[in-house]
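Form predicted alone, single chain, as structure tokens, below.
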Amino acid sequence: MERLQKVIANSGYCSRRKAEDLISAGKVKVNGTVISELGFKVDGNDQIMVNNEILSREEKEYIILNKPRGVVTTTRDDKNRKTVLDLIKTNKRLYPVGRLDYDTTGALLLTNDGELTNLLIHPRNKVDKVYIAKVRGFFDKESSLKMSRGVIIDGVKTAKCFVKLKKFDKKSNSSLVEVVIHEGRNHQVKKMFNAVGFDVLKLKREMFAFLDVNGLKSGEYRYLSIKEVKQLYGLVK
């Protein structure tokens, strides 16, 4: 027996938090009866309906995508821009785990496993994201220390993180900087650089947890192995 909101999230229909909202709003039925109790438990024989549609319990899929620039990290876009789901051939209802900006490239995990998604994006689990940023100017040691200790963005101080200058190109007057964070706030890396006086010219997420996009061209993806999925669960449980 499992909690109803967990089963809905695991089906890939929505996040667990959204499932709880749907239950509280009386939008969920179990065997024809409206359920509004968040602690309600179901088993594999129960019929669950969400918004009067029978919930299908899909087989789980886990994909790592090398996100290109100019693609939005949403399931649909009201401006008709290309989304990350347009790059993937599947009949499953997948969702991105966190977001990458429109012009940010690199490692993006997509899945219909709502439970794992919630665990990976929850701040308490401190899942590392590794970025390489190209910034204008020489990224000095003082700026590196400020960023690593935390800076104020949107009125809140960021958590301590790892920051390292990888390379300075005198000809283009630009620096390559590695940043490792475990938060996932809106436009966080760009805002962190802005807070210490640097503009980000390019940004790529090199790794999500231990997953990278080595061997994947821009726009390409691959399915995770069972071992990799178990490793992800091992990070957050």
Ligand code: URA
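Here the structure is a predicted model, which is why all the values come from computation and not from measurement. Sequential numbering from 1, following the sequence displayed.
This next part talks about the form predicted in complex with uracil (URA), which is not shown.
A.B. asks: Pick from 156 to 164, 142 to 150, 74 to 82, 95 to 103: which stretch has non-hydrogen atoms within 4.5 Å of uracil (URA) in the predicted complex?
C.D. replies: Of the options given, it is 95 to 103.
A.B. asks: Of the options 69, 29, 60, 187, which one has a non-hydrogen atom that comes within 4.5 Å of uracil (URA) in the predicted complex?
C.D. replies: Checked against the cut-off, the match is 187.
A.B. asks: Taking uracil (URA) as it sits in the predicted complex, is residue 64 in contact with it (heavy atom to heavy atom, 4.5 Å or less)?
C.D. replies: Contact check for residue 64: no, nothing within 4.5 Å of uracil (URA) in the predicted complex.
A.B. asks: Please tell me whether any heavy atom belonging to residue 179 falls inside 4.5 Å of a heavy atom of uracil (URA), as the geometry stands in the predicted complex.
C.D. replies: Judged by the heavy-atom cut-off of 4.5 Å, residue 179 is well away from uracil (URA) in the predicted complex.
A.B. asks: Out of 194 to 210, which residues reach within 4.5 Å of uracil (URA) in the predicted complex, heavy atoms considered?
C.D. replies: Heavy-atom contacts within 4.5 Å come from 203 alone.
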